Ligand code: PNS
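In structure tokens, one chain follows: the form predicted on its own.
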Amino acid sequence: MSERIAVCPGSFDPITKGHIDIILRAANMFDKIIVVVMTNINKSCFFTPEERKELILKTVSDAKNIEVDIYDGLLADYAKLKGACAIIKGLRAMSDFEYEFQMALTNKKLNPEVETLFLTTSAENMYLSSSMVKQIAAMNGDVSDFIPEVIHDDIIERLSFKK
């Protein structure tokens, strides 16, 4: 039996406890999860792809079946390249669903071998987004409830106006 690989894509700028929740839950369902830092042309990022990869690696260092990668191309192509059978996407609210559903159909058309699985976020993370974390941190607010403790200082150092 072949290894069941899933890809968990995102911009992760920065990674939040909501992202980690989805990634760890997916890691319980597959043999290997590849968290892939993707380029989103509609977003401007505060962290480079390499920095985001390092932040993710710090947060998932205990998980044996999670890899972290960077890819600047089509997700459907990346999934095929890695032999992934699934793409994992987290949903916070119904507003996420329409966009993610459209993306899932597009990825299926581009790579018929891959399925998209939607995991709903846990209730305590429904409102949480990287954009919200960046806004709060930039205004010197406390983001410790929203991001993993192991990367807290990295996030504050980059985003806080207190420099």
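As the structure is a prediction and not an experimental result, all values here were calculated from the model. Don't overthink the numbering: it's just position in the shown sequence, from 1.
If you look for the form predicted in complex with the ligand, you will not find it shown, but the lines that follow are about it.
Partner contact region in the model of the complex: 97-105, out of 22-30, 97-105, 53-61, 121-129, criterion any non-hydrogen atom within 4.5 Å of the ligand. Among heavy atoms of Leu91, none comes within 4.5 Å of the ligand in the model of the complex. At a distance threshold of 4.5 angstroms between non-hydrogen atoms, Met38 is in contact with the ligand in the model of the complex. For the chain shown alone, Leu74 is a contact residue for the ligand in the model of the complex, at least one non-hydrogen atom being within 4.5 angstroms. Shown alone here, Lys109 lies farther than 4.5 Å from the ligand in the model of the complex, counting heavy atoms only.
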